[in-house]
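Form predicted on its own, single chain, as structure tokens, below.
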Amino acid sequence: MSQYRTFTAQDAVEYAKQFGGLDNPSSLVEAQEVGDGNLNLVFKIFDAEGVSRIIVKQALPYVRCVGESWPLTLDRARLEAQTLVEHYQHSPQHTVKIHHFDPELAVMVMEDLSSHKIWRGELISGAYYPQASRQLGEYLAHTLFHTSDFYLHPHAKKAQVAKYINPEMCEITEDLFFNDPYQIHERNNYPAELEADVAALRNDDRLKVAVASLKHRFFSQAEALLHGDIHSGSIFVADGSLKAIDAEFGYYGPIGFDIGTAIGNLLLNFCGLPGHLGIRDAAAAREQRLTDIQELWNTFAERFQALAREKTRDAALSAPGYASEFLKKVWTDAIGFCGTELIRRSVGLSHVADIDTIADEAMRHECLRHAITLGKALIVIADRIDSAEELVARVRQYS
């Protein structure tokens, strides 16, 4: 990409003036780089009154948290923008709005969400947003249904699958979720005190067969346009509002992957809460996480089935009862993928603040062990967990 250059803060200001769609673009005066993720530059653009008005995001040609030794495709910015635009069409109230995208500069301009907060930080602090889990279920139901075979004509669906092929980003997922934690690898990242727990993963043949099956599904089941990385750090919340961001891992894959990733991050918070809150507050917050998980799945399943009854276009897929049968498979997939999220966030390259920011080292290690144990169990017994209520019972069993 000959026109590509890495933006400075001033570049971001000038770009926002041109493409931000504001009535008074000349009011934009400065930018602050606030990206705390692994991959991109993110600039908040402020007006003369110090109010953040717009966001400019640019993909870097390498993994930011590693450096230039791990190059990465800039095409992920196109895929992210197109995924968010597509999801916005089906769930505008729960998807960040993209105002402009430039594929050569790998830059997008999007709505400012300064009125919202990142859900992960709110979960860690014990703040509660009673609508969030249900709204996440709504977002997932609408985006995944409307990009699936239930809704799209087969020709349109196949064209969409081709449009959203995302091999480099999928390879990252395939390695971090399904390969690295189950072998000795330089990307793995865990305390030496957990070596025996991690070695047990590598030596568990039953577990590795189950993980292989999940990886094969991730490879081969192009069911809907996934967000691809829908964790609590990719979600903004406010009173009565939830917005999904950061979809550079978007691709056509198994619906259960997005569901499982979302549930997995709620369970990572569940595992980490004793390290952040007092005994009573942690116990209450943990119970709320389990309720959140039930609300997320039940909202998703109810809304997906309602959409299927109203909008399914394929004659065979519209058969009464088929959507319900399909969701049984989605649920089993989701439990397995949830388990891989728990393990990869404990053993692999990319951890979560829910556990990593626990000040007490012994408590942090114990929370990591809990996440590994729970993740391993869910992967192995996924086909024996029939409902969200059964999942909650199993989580209590392994806590």
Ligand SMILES: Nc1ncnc2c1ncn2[C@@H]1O[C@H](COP(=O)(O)OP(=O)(O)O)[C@@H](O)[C@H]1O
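All values reported here derive from a predicted model rather than from experimental measurement. In this text, residue numbers run from 1 along the sequence as written.
Below: the form predicted in complex with the named molecule, not depicted.
Task: All of V34, L113 and I245 with a heavy atom within 4.5 Å of the named molecule in the predicted complex - done: Contact check passed for all of V34, L113 and I245.
- [ ] Check each of I55, V347, A371, I335 and return the one that places a heavy atom within 4.5 angstroms of the named molecule in the predicted complex.
- [x] The option sitting close enough to the partner is I55.
Open item on the list: By the heavy atom within 4.5 Å rule, which residue out of L144, V96, C271, V237 makes contact with the named molecule in the predicted complex?
Closed with: Here the answer is residue option V96.
Open item on the list: Since only the chain is shown here, I'm wondering whether A285 would be in contact with the named molecule in the predicted complex (any heavy atom pair within 4.5 Å).
Closed with: So A285 does not count as contacting the named molecule.
Open item on the list: Check H365 for me: does it contact the named molecule in the predicted complex (non-hydrogen atoms, 4.5 angstroms)?
Closed with: Judged by the heavy-atom cut-off of 4.5 Å, H365 is well away from the named molecule in the predicted complex.
Open item on the list: Test of understanding: in the predicted complex, would L39 fall inside 4.5 Å of the named molecule by heavy atoms?
Closed with: Close contact exists here: in the predicted complex, L39 approaches the named molecule to within 4.5 Å, heavy atoms only.
Task: the named molecule contact at I118 in the predicted complex, heavy atom, 4.5 Å - done: So I118 counts as contacting the named molecule.
- [ ] Name the stretch: of 327-335, 354-362, 23-31, 40-48, exactly one has residues whose heavy atoms fall within 4.5 Å of the named molecule in the predicted complex.
- [x] Going by heavy atoms within 4.5 Å, the stretch is 40-48.
- [ ] Taking only heavy atoms into account, state which residues of 356-381 are within 4.5 Å of the named molecule in the predicted complex, ordered by sequence.
- [x] The stretch 356-381, when checked against the named molecule in the predicted complex, contributes no residue at the 4.5 Å heavy-atom cut-off.
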